[in-house]
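Only one chain comes next, encoded as structure tokens, the form predicted alone.
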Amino acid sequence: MTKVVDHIKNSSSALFSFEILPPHAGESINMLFDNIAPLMEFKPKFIDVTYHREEFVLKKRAGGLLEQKSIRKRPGTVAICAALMHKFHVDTVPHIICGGFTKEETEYALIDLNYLGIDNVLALRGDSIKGQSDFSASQGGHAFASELVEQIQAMNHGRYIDADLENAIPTNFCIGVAGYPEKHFEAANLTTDLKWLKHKVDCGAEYIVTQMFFDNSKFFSFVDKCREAGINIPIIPGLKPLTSKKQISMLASRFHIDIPEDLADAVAKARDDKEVRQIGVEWTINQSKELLTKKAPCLHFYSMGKSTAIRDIAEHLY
């Protein structure tokens, strides 16, 4: 398979890629295939596969006692990546997260990916446990994405957790990380956030995919500041078309991003979600065209489980 950075280096035009959610436990993978199929005509070079940490629920036991149980609603990222590669013959980029995993469990997952020939990963800290405001690392796990990058890079040099392994085969992972044009919500300011991003690059990150944004000027400013900070790896803009009125407040709250006044006003005046969808598609097309004129290496779309709006956008661009 081909590394993301090599796809970028070998292309004379901006790439097209997107991110998908794995099916919920118990759902058919054919639902995912049907959702992805309309986008394959635009020849994505890679597809990101997200991962969400475990959730905790209370289950009743005999005698009325409550027991806290951990569940994973969307299991099987490694299997999903393998299935997508087999079905569509496309590179996949599994998200590897800190939360919910020990270092040993992370290593086992990476070994499985290596066996499958998957050599691209996106290293993320991940979210806090649902219902908790602060992120907490699992016992024996990583607290920061930079530590995760260090572990993957160590495996790329043949260094595994078991120091007694002899003649361990180095892996060959291309490591991506997240960037935040409007800063990570936990960072004191953008300058501090860029220092952490630079640290991830110094640890071995080879490319950056940004959080979604709706104001291109913030992305361009972010790229300029990254270059000033000595971050010279490819920076891929992440885009999400609005498709409903409720997304205005949901996205702003959940992802800590600003919605431009013109876009928010247009959505507020829309008669229904069908009109909002058209507004969102047109906004993202205009965003994309400007990003392409500024030589963005790739346009990366967040599907959140739906592909029709992204297909409408791609038809205007590719």
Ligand code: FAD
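A residue's number is simply how far along the shown sequence it sits, counting from 1. The shown structure was predicted, so the numbers you read here are calculated from the model rather than taken from an experiment.
Below: the form predicted together with this ligand, not depicted.
For the residues Leu110, Leu84, Ile97, Ile235, the 4.5 Å heavy atom test against this ligand in the predicted bound form is passed only by Ile97.
Of the listed positions (Cys174, Cys203, Ile118, Val209), a single one reaches within 4.5 angstroms of this ligand by any non-hydrogen atom in the predicted bound form, namely Val209.
Although this ligand is omitted here, in the predicted bound form none of Phe219, Ile285 and Phe301 has a heavy atom within 4.5 Å of it. Mapping the unseen interface onto this chain, Glu182 falls outside it, with no heavy atom inside 4.5 Å of this ligand in the predicted bound form.
This ligand is not drawn, but in the predicted bound form it has a heavy atom within 4.5 Å of Phe144. Residue contact check for Asp193: one or more of its heavy atoms lie within 4.5 Å of this ligand in the predicted bound form. A residue is said to contact a partner when one of its heavy atoms sits within 4.5 Å of a partner heavy atom; Leu242 fails this definition for this ligand in the predicted bound form, lying far away. Contact annotation: this ligand lies within 4.5 Å of heavy atoms from the stretch 43-51 in the predicted bound form, the single such stretch among 43-51, 266-274, 288-296, 27-35.
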